[in-house]
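Just the one chain here, the form predicted on its own, laid out as structure tokens.
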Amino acid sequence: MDRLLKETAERVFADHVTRAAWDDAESGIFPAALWAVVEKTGLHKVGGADSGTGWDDLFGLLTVAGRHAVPLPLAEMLLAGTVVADANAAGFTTIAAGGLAPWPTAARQVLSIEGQVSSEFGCAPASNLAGEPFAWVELLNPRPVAVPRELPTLLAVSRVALMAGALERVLEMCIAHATEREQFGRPIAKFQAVQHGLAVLAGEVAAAGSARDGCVAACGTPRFVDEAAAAKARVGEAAGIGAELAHQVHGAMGFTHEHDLHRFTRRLWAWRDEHGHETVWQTRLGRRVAAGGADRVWDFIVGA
């Protein structure tokens, strides 16, 4: 990911992703002020045809967004921009997968993964595990657009990037808490059980980052779907383990509304399920391996 782009995204999200923005989003109020800053800085154009950026930048930006638990449908906005030229002009485009889309009530138009787009649609309210608004969408008077066959897989990889970023932040929060929190006259980071939990969490974060890097590097190659399947399965597993360990380190404190930890762990649980839980991708990958036969397993792993 371009260094300047990363630094810009970090500053924008650090300054403008606030508790008020999270609370508004979970109350169904679109964080318009945050979206205005994203528009002003041009971050919503990353990955688009005329942006001078590519997949590494797009998924890198989503990793940064995951680190800050950005309460915008940024993944859908960015991916829609790779399909529809004016997707995020004078508003934004969200994507419906299986009829379900994030923030359609605030969107200018909705793009379906089947290749239809419309600014007219009906909505039936829903939400994800993080409490962010979703809706079941019925497009009215849609027009056809050409969408890449890999769009569902790209949406899955967007969750890989978001989870990898959120896990990085969760680890930082756990280390800070364990260093500052004292029991029996010393920081809890001095206790072996806590050290063990942090070490396991660090391993999961590293595995998630590696899986994300592997599938992003495979974008546009014949290995992409297989790498994405492995990444979604592995990072989904890391999300479950990481969220559990994080709440163990923080104790009951992390579940309170006043603490920020749950903002990340609830999104980890949501992203883990969205666009295919790990069992879905494990099954798909297993069938691919089985179809090649026992003699081809190693070649499949190394991409020979």
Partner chain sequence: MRFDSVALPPEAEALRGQVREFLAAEWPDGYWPNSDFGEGHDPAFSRKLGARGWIGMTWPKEHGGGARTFFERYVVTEELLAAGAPVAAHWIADRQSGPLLLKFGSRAQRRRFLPGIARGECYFSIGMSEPNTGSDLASVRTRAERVDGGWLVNGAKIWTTDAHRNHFIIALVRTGPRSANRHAGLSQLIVDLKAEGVAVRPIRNLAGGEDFNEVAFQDCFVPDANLVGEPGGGWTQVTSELGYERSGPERFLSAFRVFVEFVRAAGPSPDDGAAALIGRLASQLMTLRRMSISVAGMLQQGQSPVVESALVKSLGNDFEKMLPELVRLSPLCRAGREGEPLPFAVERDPMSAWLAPLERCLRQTVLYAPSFTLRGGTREILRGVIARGLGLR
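Note that the structure is predicted; figures quoted are calculated from it, not measured. Numbering follows the first chain given and starts at 1.
Unshown form predicted together with the partner chain; subsequent notes refer to it.
- Across the proposed site, Ala207, Ala211 and Gly293 without exception bring a heavy atom within 4.5 Å of the partner chain in the model of the complex.
- Listed stretches are 226-234, 89-97, 154-162, 141-149; the contact stretch with the partner chain in the model of the complex is 226-234, by a heavy atom cutoff of 4.5 Å.
- In terms of contact with the partner chain in the model of the complex, the residue from Thr179, Asn128, Ser118, Thr105 that brings a heavy atom within 4.5 Å is Thr179.
- Of the heavy atoms in Arg287, some are within 4.5 Å of the partner chain in the model of the complex.
- Interface residue remark: Arg186 is not counted as part of the site for the partner chain in the model of the complex, having no heavy atom within 4.5 Å.
- In the model of the complex, the partner chain sits within 4.5 Å of a heavy atom belonging to Asp299.
- Among heavy atoms of Val84, none comes within 4.5 Å of the partner chain in the model of the complex.
- Within 4.5 angstroms of the partner chain in the model of the complex, the stretch 166-187 places a non-hydrogen atom from each of Leu171, Ile175, Thr179, taken in sequence order.
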